[in-house]
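This document starts with one chain, in the form predicted on its own, laid out as structure tokens.
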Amino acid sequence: MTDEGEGGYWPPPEHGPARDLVGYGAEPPVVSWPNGARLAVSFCLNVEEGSERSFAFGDAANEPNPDYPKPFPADVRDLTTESLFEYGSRVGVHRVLELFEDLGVTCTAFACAVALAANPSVGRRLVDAGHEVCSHGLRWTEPWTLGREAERDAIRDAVRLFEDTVGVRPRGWYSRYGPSIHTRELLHAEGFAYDSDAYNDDLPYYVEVAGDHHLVVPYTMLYNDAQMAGRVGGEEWLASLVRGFDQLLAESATTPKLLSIGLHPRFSGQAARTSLLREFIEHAQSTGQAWFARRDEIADVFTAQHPPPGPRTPTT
């Protein structure tokens, strides 16, 4: 690995894209969110149930039990874990969407194409209610386990399945956990408007991809409801959301920012946790300074106010 400038690290080309440890630094861009809001709040509902690893799918391992981790053999169906995931698709997703509809909030669904194909009524409900369907891949698969060509084919298969299932081509992409060294270049070549495969900022930013500019709408793990799966209690998770919101809101007096909150129907769709989510939304709404936004809306607002340095290369 070689150092070629202040704060930047450029690994050998075969190791993938360059790192940027500087970012906006002390001079982040000023963004005017709609209606004078100071803080954009982006709920990301991870719709994955039915696409997770399982012996039934022919995978080499079963998905770990989300709430009660317990070793389970890879060559036997884990019906208990399957059932816990099914709660999210059968009940939890509808409970969360009903909460959003009750409070007038829209979200971005990080959806696996296979999950929506297995439960198309959820896809229709998302689209009909005005939520964004963003691709979370074909299945809940780690991109770095695929070769470049296999990953490209999986991206194209996911897009086709989204179009067949919900009639919508996703504009954004979010990989399971993280991308491969090829993901962003492949997404840009396929015409995606943005990806969320980064955790390194409070505002969108551009990266250079294949001589062009590509938008990143960064995400976060900290405010993810998966923290409640054996890590922290619900009240502690709620306190973290409130503290994060309040701190970013205070900072947004001079520079409007973005708060991303990751949700999963099998976690936040449980009744007690949905109650916590309601409490947070009502707190944020009470300030009158929050814009509850889809990620494609955030991308559009940012791009309109801060266009990329050059035109996007047309895709064919």
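Just count from 1 along the sequence shown to find any residue number. Remember, predicted model here, so these are calculated numbers, not experimental data.
Below, we refer to the form predicted together with a further copy of the same chain, which is not included among the displayed structures.
Trainee: The chain here is shown without a further copy of the same chain. Which stretch in 102 to 110, 185 to 193, 127 to 135, 230 to 238 comes within 4.5 angstroms of it in the predicted complex, by heavy atom distance?
Mentor: Only one stretch qualifies here: 230 to 238.
Trainee: Although the partner isn't part of this model, could you tell me whether Ala210 comes within 4.5 Å of a further copy of the same chain in the predicted complex, counting any heavy atom of the residue?
Mentor: No, Ala210 is distant from the partner.
Trainee: Flag Trp173 as yes or no: does it have a non-hydrogen atom within 4.5 angstroms of any non-hydrogen atom of a further copy of the same chain in the predicted complex?
Mentor: Contact with a further copy of the same chain, no.
Trainee: Should Ala117 be counted as a contact of a further copy of the same chain in the predicted complex, where contact means heavy atoms within 4.5 Å?
Mentor: Yes, Ala117 is a contact residue.
Trainee: So, Ala290 and a further copy of the same chain: in the predicted complex, are they within 4.5 Å at any heavy atom pair?
Mentor: Heavy-atom contact with a further copy of the same chain at 4.5 Å: absent for Ala290.
Trainee: Just one of Cys44, Leu276, Ala37, Val31 has a heavy atom within 4.5 Å of a further copy of the same chain in the predicted complex. Which one?
Mentor: After the contact test, the surviving option is Leu276.
Trainee: For the stretch 216 to 230, which residues lie within 4.5 Å of a further copy of the same chain in the predicted complex by non-hydrogen atom distance?
Mentor: Residues within 4.5 Å: Thr220, Met221, Leu222, Tyr223, Gln227, Ala229, Gly230.
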